Ligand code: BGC
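Form predicted alone, single chain, as structure tokens, below.
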């Protein structure tokens, strides 16, 4: 499926003037929820294995609680069946709004339908839920993430060379958007023979161990590559581990995304060239504010829309930043995302 981000003139005018008012389908009387002592928001998460997602959870809870609400959190450990069960549990708990970070964007369409039957609106957080009547989507412009990764690598290679590509989890719609953004930059160069992809594969579950296996296969095939286009920091870490074992770490640029602490340390140490910083506090607090507004019947302003296969979903898309050794202090450290000591001394 080609998921396309688009901002129509009409939706822009509506969002600016009156906002998107997102209804709770199937709810017979909204006044009952508005008079409750406390708003309750359900947060269904794919995983908490990565430090990035722990930060999302903590910032989200902190913001909701500051507004007087409560958050019920479930983590599915990257298991679709378990995530459906988690959603059903949150629905049974009579949450006012459901926020889902899907492991599989297609599988979670069922969760949206079940939530709507119970009169609960659904927000897809960071990853799109496809082929359903989704109420709201909040993320970063993920095609731009892929474009920035590819632009950086191509610039480092001087516009030509052999590369290895690690695409991300095939169940995550974001991985497809990252790849599309990368393709936007790479395809013209591949067509004229300036860039050659010597090995590529999808990293199941974004698991670094799977990324390492892919990189092992690439190195077994050929050591004649000039760069590694990895779609996130976990995949970059797995690839770099493989390269270390082959004596190649630090010899070619490796991209990443998420500005994980270990990735920033690798950038300082020279084994990873860059990462994409997606301000986690910004998306988590924005999602919390939007969900709380939905729960209290207030209008929600969306600055864009994304086609999820069934509808153009009102969407809030945030900006990203390319992070290299040269601007670490001005970005992730200046924002307080990581401390200077942890980045520059913790990896030694």
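Given the structure is predicted, the values throughout are model-derived calculations rather than measurements. Numbering follows the first chain given and starts at 1.
There is another form of this protein, the form predicted together with beta-D-glucopyranose (BGC), and it is not shown here; the text below is about that form.
Contact with beta-D-glucopyranose (BGC) in the predicted complex, defined as any heavy atom within 4.5 Å, is confined among 264 to 272, 80 to 88, 123 to 131, 104 to 112 to 123 to 131. Shown here without its partner, the chain carries 53, 178 and 257, all of which come within 4.5 Å of beta-D-glucopyranose (BGC) in the predicted complex through at least one heavy atom. This chain is displayed alone, yet in the predicted complex one of 199, 278, 116, 212 has a heavy atom within 4.5 Å of beta-D-glucopyranose (BGC); that residue is 278. Although the partner is absent here, residue 182 sits far enough away that none of its heavy atoms falls within 4.5 Å of beta-D-glucopyranose (BGC) in the predicted complex.
When contacts are judged by a 4.5 Å heavy atom cut-off, residue 174 counts as touching beta-D-glucopyranose (BGC) in the predicted complex.
Residues of 215 to 244 that come within 4.5 Å of beta-D-glucopyranose (BGC) in the predicted complex, judged by any heavy atom, reduce to 232 alone.
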